[in-house]
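Next up: a single chain in structure tokens, the form predicted alone.
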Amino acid sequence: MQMLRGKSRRWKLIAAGIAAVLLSLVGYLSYWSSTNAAMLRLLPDSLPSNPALYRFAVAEGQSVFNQNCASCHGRDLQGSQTNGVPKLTDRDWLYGEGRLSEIEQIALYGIRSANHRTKNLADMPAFGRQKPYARYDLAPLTTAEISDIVSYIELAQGRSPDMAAVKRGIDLFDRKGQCFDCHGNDMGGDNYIGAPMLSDKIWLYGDGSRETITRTIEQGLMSVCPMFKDKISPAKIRAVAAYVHSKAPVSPPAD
């Protein structure tokens, strides 16, 4: 009889422990749900101005990033120059200026994904092919012409190549290649369409060597970032955008 009473007490203790855990879980889920709702009621760019919600979003976003984005960008957010995956910890944004709302839009709709709201305004033509560009007609460039454009880019990088080649490269950049249309006359790029700056030392593909620049001009680029709108919840999208936003210097939040 005493043994049965002892077992009964143990079961009561176990049941009480389980009840406490369940109550704690219910409390956390209630907090999590209400905090997510509060986070989504804010405009994305105003989230950093609410420290408590921002910290919550960043903490939640790290696990979302690791599960969905780290396979390309890396858990350290350093990207891959081999695969053309941008680093997310610097101020050099390929699209936009690093505002939380801009990051969220890319997480939602991707880059060149199967959604009409995706970023898909320009590609890098493959000037080594007979038909370099699918969007409109562009003439291919010869090996010598590509070499001259590379010399011009090298000059913008602070190197000192053959100035005769540079002069030819300037004309090709502005005329036959129409490179200015995306990268700008000053090679400053255009972060609205995702055209990188060519006058700094930050490279999306490769290390900036003559060989890798040549290969990019010859073969073109058209990378894809998947959309996550139909894969993860709006709260998780907002959270992962906050996490990425927290890792790089950005413009101040919008008023």
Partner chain sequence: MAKPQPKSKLSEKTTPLDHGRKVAKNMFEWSTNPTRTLWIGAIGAIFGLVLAGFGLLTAKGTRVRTVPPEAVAMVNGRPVLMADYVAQLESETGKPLAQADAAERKKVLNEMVTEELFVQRGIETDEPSVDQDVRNALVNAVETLVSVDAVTKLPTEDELRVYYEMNRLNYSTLGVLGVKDFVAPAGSDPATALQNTQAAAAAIRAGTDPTIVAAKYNLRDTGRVIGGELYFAAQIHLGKALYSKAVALKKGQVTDAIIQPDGPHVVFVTDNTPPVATRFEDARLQVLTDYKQDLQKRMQANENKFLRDRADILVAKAFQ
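Residue numbers count along the first chain shown, from 1. Only a predicted model underlies this, so the values are computations on that prediction, with no experimental measurement involved.
Same protein, other form: the form predicted in complex with its partner chain, not shown, and the subject of what follows.
Three-residue candidate spot 42, 101 and 231; every residue lies within 4.5 angstroms of its partner chain in the model of the complex by at least one non-hydrogen atom. Residue 108 is the only one of 108, 182, 155, 165 with a heavy atom lying within 4.5 Å of its partner chain in the model of the complex. None of 94, 141, 150, 88 but one reaches within 4.5 angstroms of its partner chain in the model of the complex through a heavy atom, and that residue is 141.
In the model of the complex, its partner chain stays beyond 4.5 Å of every heavy atom belonging to residue 160.
In the model of the complex, its partner chain sits within 4.5 Å of a heavy atom belonging to residue 238. Interface residue remark: residue 37 is counted as part of the site for its partner chain in the model of the complex, having a heavy atom within 4.5 Å.
Put simply, residue 216 is close to its partner chain in the model of the complex: some heavy atom of it is within 4.5 Å. Shown without its partner, the chain has 71, 72, 82, 83 in segment 67 to 83 as residues with a non-hydrogen atom within 4.5 angstroms of its partner chain in the model of the complex.
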